Every structure is written in C-alpha cells, then in structure tokens.
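First, one chain by itself in structure tokens, the form predicted on its own.
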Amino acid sequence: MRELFHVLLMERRGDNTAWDNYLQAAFEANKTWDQLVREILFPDEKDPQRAGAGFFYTKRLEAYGQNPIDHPGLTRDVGRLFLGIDLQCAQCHDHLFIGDYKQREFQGLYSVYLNVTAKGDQPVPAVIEKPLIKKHEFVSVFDSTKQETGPRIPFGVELPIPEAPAAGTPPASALALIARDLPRVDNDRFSRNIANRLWFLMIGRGLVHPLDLHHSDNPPSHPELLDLLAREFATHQFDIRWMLRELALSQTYQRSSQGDAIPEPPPPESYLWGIEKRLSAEQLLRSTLRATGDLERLEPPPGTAAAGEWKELRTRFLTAYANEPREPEGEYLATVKGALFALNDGKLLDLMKRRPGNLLDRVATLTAPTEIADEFYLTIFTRFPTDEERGEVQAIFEKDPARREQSLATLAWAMLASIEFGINH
C-alpha cells in the first residue's frame, strides 16, 4: 500500500525516507483517506507523526532545470489527485474544450499555493506559507477585465480571507482552510475521485477515464455504480481497507480475462471480463524475484533501508519500466527500453544462474522434459503447460543435450521476458 500510494501521489518524482515512514505508519494504522489527505494538504513538521507528509508539497516546490518553481503545477496536481479535475488549461482562460472548467476554479486554488514555498535545510519536508491578506487578482488572456478571488476549492464556495491575527498569535493559514474543506464527506468530487481511482487500481480501468478528467462531457461508463461506490466509501468513513476488500469480492474483479472464444470482445469499459494490465515496475521486480527464488534473499525486511543488490535491481527496473517523472501511471505500456533491459541487463540475466534452492537449482535435478516444463510453467506462469508447450520444451533439450544448463537458463529468461509474465491476468 505504501509503495502503491507513493507512486499514485508522487508520480515518480523521487523518494524520501520521512515520506515513506509517514505512508507506512498511516496504512499500518488504517488511517482513513480523508484524514490522510487532510494531513498531506496541511503538513506539520513539528508533529513526528505527520512530518513526512510535507514531501507532497516540497518535492513539487523544487526548481528543476532552468524552470521557476512550478506553483501552477502544484495547483494542478491538488485538483487532479484529490478531486479528479485537471485544470491546467484553465489557468489563463476558461478551458477551450471542457465547458465545466473555468479560470476562476483554477485561480481560486492557485491563490493559496502561490504563497507556499519549501523550507530549506530541514530534517523533514516542511513548507513556509505567507499569510493571505487580500484576494488574488487575475485576468483572462482573452479579456483584460480584472477579476479577483479568495481561496477557493474548485466548484465549491469561495472561502473568506483569514482575518489578521492578534499580536503574538500565529497567522491564519489558507492551507488549513483547504485541508479542512476539501476532503469532506459532502464533497462529491472528493469521494468520486478516490472511488474511481481505487476501482482503477483493482480493476485496471477507471469508471471515469482518464482518471483526472471528471466533467459533464466525460461521464462515467457506469454512473450509478460510481455514485454507489463514492457514497458507500464515504459512509464507511473512507476506510481504504474496507473499500479494497469490497472491490476484491466483486464479480467484476473476479471475472476471467480469457475471452478468446468471443469473436468480437466487448470494449474494456464494459467490464464483462477481466482487464489484462501490465505489471508496474515494482510488481514486475517482485514477481521476477519470486519466480527465480531470490525474493527472500534480496528484499530488505519491512522498515529497513534498501541496500546492495536489491537497491540496484530496483533502480534498474524503475528505469526500464516506470513512467517518466511527473507522468501519471494511468496505464503501463510495453516499451523499447523495457525490451532492451530484458534482453541485455547483466543484473537481470544474473538471476538466471543456478544457486542453492532457486528455480534453476530445482529444475536442474529433474530429468524428464515434461517435469521440467511443469516446474517452469507453474513457477513462472502459475499454470500447467499445454501439450504443445511441453513438446517445445522437450525439443529444446533434445536439440542440444550437452548445453542442458544453458538451455534451462535461456528458457527461464524467455518466459520471464514474455508478455504473459508481464501481464496481470
């Protein structure tokens, strides 16, 4: 869960130990989604239980390359990830193609994040917030008429400017207002967004697709279902474990992905059978190590820092299979760099060597080609081979018996590099 939500929320921007510890503790305690979001939107570096939450902001407030600090990008990400609305193209004017997305919705949220910067040289991620003392002025590139707005949660009411504090008291926080009012039970956009994202994580496609384009011209494929999921999730206090369990018990999640017998399969948004989706980089790493028999040997115990061969392999898998930083991982696609990695990477190919107790060690003790085929297919594909596949394995060993051990390693590599292995069926 920690790893999954790290990718969902940070979108490959990098790692941070305090953030990892925060997420790990949150999911171990089954912290509710609204509370988690509240703490992310209003982090407190003085609270050891919440300090790591500030990484969501601070990483996005770093300047990269020759670009200025991307306050508009931070504004966009809060709308995308917590409300399911991408207001990027409504920054300078009303959206040209999505009638629901108005410039005022972007600028109201932007008025808050324009005043936030990252603290430097801190042991934990932390931000500085300038007091918001007046409304934010903006104009459209198509109309020079000046407009203004106070803090505003998109499609919600405009919040009042916090009053100047009395002497000796800390300034009022616009971040606190956003954190208070955005993740509310009565905010339908908040509930529908997370219900849609959890459905996507389990099923493979959002009821609203793409995930961050909820608007009237892009309705859910099953509107009654999304309403039900959002309502029930809110009723159950945004309990993520409860929601994932309900989805796992659904007929939709449990449907087979084998639709070969249907001449014209229905579209994926029908959910009439299981959607095949490519494994994420992290899933592919663990699945590979589980198949070769190296997972327990290499994976660090929970709560310990990654090191050595595991750390290097993880870096290589992420480089080969993960999306580029700042790109949402709405789908995982096969790529040329992934294929080249599977073909040439020395650390990956090293896993095909025989070690005591690993896959290659087990199959090396078998003599019958049918037994070898069964062991490979059950371990790597978690299914028995067909008669044709057993025949192919037998032909490999009959062709060159003297190179038996090399043939075993090549067969293991070919199966691990296959589309079948890289797909969640």
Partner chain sequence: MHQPQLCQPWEHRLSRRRLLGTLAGGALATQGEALGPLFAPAMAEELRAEEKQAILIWLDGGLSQLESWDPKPKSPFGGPFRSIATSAPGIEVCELLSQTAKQMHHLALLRSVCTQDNSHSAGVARINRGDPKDRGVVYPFLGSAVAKLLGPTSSGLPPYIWIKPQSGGFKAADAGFLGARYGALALGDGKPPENLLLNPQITPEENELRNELRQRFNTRYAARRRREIADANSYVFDLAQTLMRREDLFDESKITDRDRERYGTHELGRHILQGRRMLEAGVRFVKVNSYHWDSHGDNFNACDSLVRQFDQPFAALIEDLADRGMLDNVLVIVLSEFGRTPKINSHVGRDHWPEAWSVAMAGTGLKRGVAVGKTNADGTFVDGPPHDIGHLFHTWLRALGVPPENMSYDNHGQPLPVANEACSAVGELLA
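This one's a predicted model, so the numbers in the text were calculated from it and none came from an experiment. Positions refer to the first chain, counted from 1.
The following text describes the form predicted in complex with its partner chain, which does not appear among the structures shown.
Checking S216, T335, T315, Q254 for any heavy atom within 4.5 Å of its partner chain in the predicted bound form turns up a single hit: T335. For the residues R189, R104, H209, H222, the 4.5 Å heavy atom test against its partner chain in the predicted bound form is passed only by H209. Proximity of G346 to its partner chain in the predicted bound form: non-hydrogen atoms within 4.5 Å are present.
In the predicted bound form, at least one heavy atom of M415 sits within 4.5 Å of a heavy atom of its partner chain. Taking non-hydrogen atoms only, P123 never approaches its partner chain to within 4.5 angstroms in the predicted bound form. Interface membership of A342, defined by any non-hydrogen atom within 4.5 Å of its partner chain in the predicted bound form, is confirmed. Picking from 30 to 38, 355 to 363, 46 to 54, 396 to 404 the stretch near its partner chain in the predicted bound form, with a 4.5 Å limit on heavy atoms, gives 396 to 404. For the three residues C89, P267 and G274, a heavy atom within 4.5 Å of its partner chain turns up in the predicted bound form in every case. Applying a 4.5 Å heavy atom cutoff to its partner chain in the predicted bound form picks out Y377, E388, E389, E392 from 356 to 394, in order along the sequence.
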